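Given next, in structure tokens, is a single chain: the form predicted alone.
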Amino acid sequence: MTSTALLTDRYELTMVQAALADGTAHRRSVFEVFTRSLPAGRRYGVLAGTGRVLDALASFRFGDAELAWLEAERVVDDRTLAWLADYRFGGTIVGYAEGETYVPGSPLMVVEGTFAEAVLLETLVLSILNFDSAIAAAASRMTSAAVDRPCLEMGARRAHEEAAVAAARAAVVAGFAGTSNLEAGRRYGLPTIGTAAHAYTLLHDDEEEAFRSQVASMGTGTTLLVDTYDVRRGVQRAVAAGGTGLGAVRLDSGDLGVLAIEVRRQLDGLGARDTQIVVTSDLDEHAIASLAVAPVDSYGVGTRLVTGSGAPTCGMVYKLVARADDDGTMQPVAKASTSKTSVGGRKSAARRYGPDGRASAEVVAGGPDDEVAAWSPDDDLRPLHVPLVVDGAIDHRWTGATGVRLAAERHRASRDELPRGARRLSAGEPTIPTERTTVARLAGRP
């Protein structure tokens, strides 16, 4: 098992050293992950990466190699090295289920433990959630614009090799039907797709030979790329090679809307009425929406997806919101810096619904720490926090292939309950407001 312990920032370890020295390291603490705003033009966010956080937490161990490097670099003192050697997160984590939609101020993940054990997780948690959630939010806008037409992830060549795997996973959480990335398929049980690029056509002496060869190898259900030379001739040659039962043709350049209409007409005229049309070429949610009336059957998306379609991060932060005082009583704490404020105290969250059954508000409840920790929403509110780690024990339902399936199901249900305006691609306010209240008020107490 490869350690994830050094996928962090130096100041987390130096804070632990100072806290061990002054006796505050073992104070009970509550950290919260939230966003202050959504990227410009977005009406909702999508939480993704929770399963990857839990996998990374399981291997967050300081082994001999990590400790030797920290010692050689004099990052922390001997006392801290000894503490790190025994590090195991023994706290509790609750959070929104992966795939859930969110708005600004939502307490997306709550990490509770001693200060030392919880502060170490800041960079690990944020580096995963910020990237994966950015990809999932972009993917959700794309699958929303595509309506019932499948979206296929093809962005591996436009990202770091490990980021490509994470992006494929996040895309499927938000409704993509498959990925071209084989490692993502192997690791998370995702459907994989792909047939041939222009290079395969160029390899052969002519297009006819290339198409015949591909069909002979892969069967008539394959997808033939028809725009290496001339699209009209490419379609003719594709049907000649694969027959009227050819699976699909792919368009990767030009005016895709116009070409799709022409190719559909040509395919129908050749008797290939069931042959589908796949379009690729720098698509994003706006391009997909513009193709809504075109006879397109599926979309292949790469660069714009794996870069967040203009929003490569979602601005999540990890802030201390409560900590025990000297007698063990939990006290709310908050940051007051200009434009970077936080709201102190443990919080829980639920979603309120209107008469039409659609979400009308995000209810964020605070109050005395023990009351919030024990709060259970009434029947008219849907609780948003689920247990992820209990006393150091990870709930593995949220990891691996099962975790991806659960996250994809949660996203479909969560997006479907949002107000109809949430799917608009134009700029606007968050789809539902955040209602800040207290557990006491929700219970009808002053």
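Everything numeric here is computed off the predicted structure, so don't read it as measured data. Throughout, we count residues from 1 along the sequence that is shown.
One more form of this protein should be noted, the form predicted in complex with another copy of the chain, which is absent from this view; the next part is about it.
Colleague: Between the options E285, E117, D369, E122, which residue brings a heavy atom to within 4.5 Å of another copy of the chain in the model of the complex?
Modeller: Partner contact (heavy atom, 4.5 Å) among the options: E122.
Colleague: Looking at T220, S360, S253, S290, which is the one with a non-hydrogen atom within 4.5 Å of another copy of the chain in the model of the complex?
Modeller: Spelling it out, the residue with a heavy atom inside the cut-off is S253.
Colleague: For the chain shown here without its partner, which stretch in 194 to 202, 345 to 353, 270 to 278, 141 to 149 has non-hydrogen atoms within 4.5 angstroms of another copy of the chain in the model of the complex?
Modeller: This holds for exactly one stretch, 194 to 202.
Colleague: Checking a candidate spot here: are L6, A163 and N181 all in contact with another copy of the chain in the model of the complex (at least one heavy atom each within 4.5 Å)?
Modeller: The answer is yes: all three residues contact the partner (heavy atom, 4.5 Å cut-off).
Colleague: So in the model of the complex, does I128 come within 4.5 Å of another copy of the chain, heavy atom to heavy atom?
Modeller: Within the cut-off, so yes.
Colleague: May I ask you to check whether R237 falls inside a 4.5 Å heavy atom distance of another copy of the chain in the model of the complex?
Modeller: Residue-level check for R237: no, no contact with another copy of the chain.
Colleague: Using 4.5 Å between non-hydrogen atoms, is A334 touching another copy of the chain in the model of the complex?
Modeller: The answer is yes: A334 has a heavy atom within 4.5 Å of another copy of the chain.
Colleague: Given that another copy of the chain is not shown alongside this chain, does G185 nevertheless sit within 4.5 Å of it in the model of the complex, heavy atom to heavy atom?
Modeller: Contact check for G185: yes, within 4.5 Å of another copy of the chain in the model of the complex.
Colleague: So which bits of 41 to 69 sit within 4.5 Å of another copy of the chain in the model of the complex, heavy atoms only?
Modeller: Sequence-ordered list: R52, A65, E66, W69.
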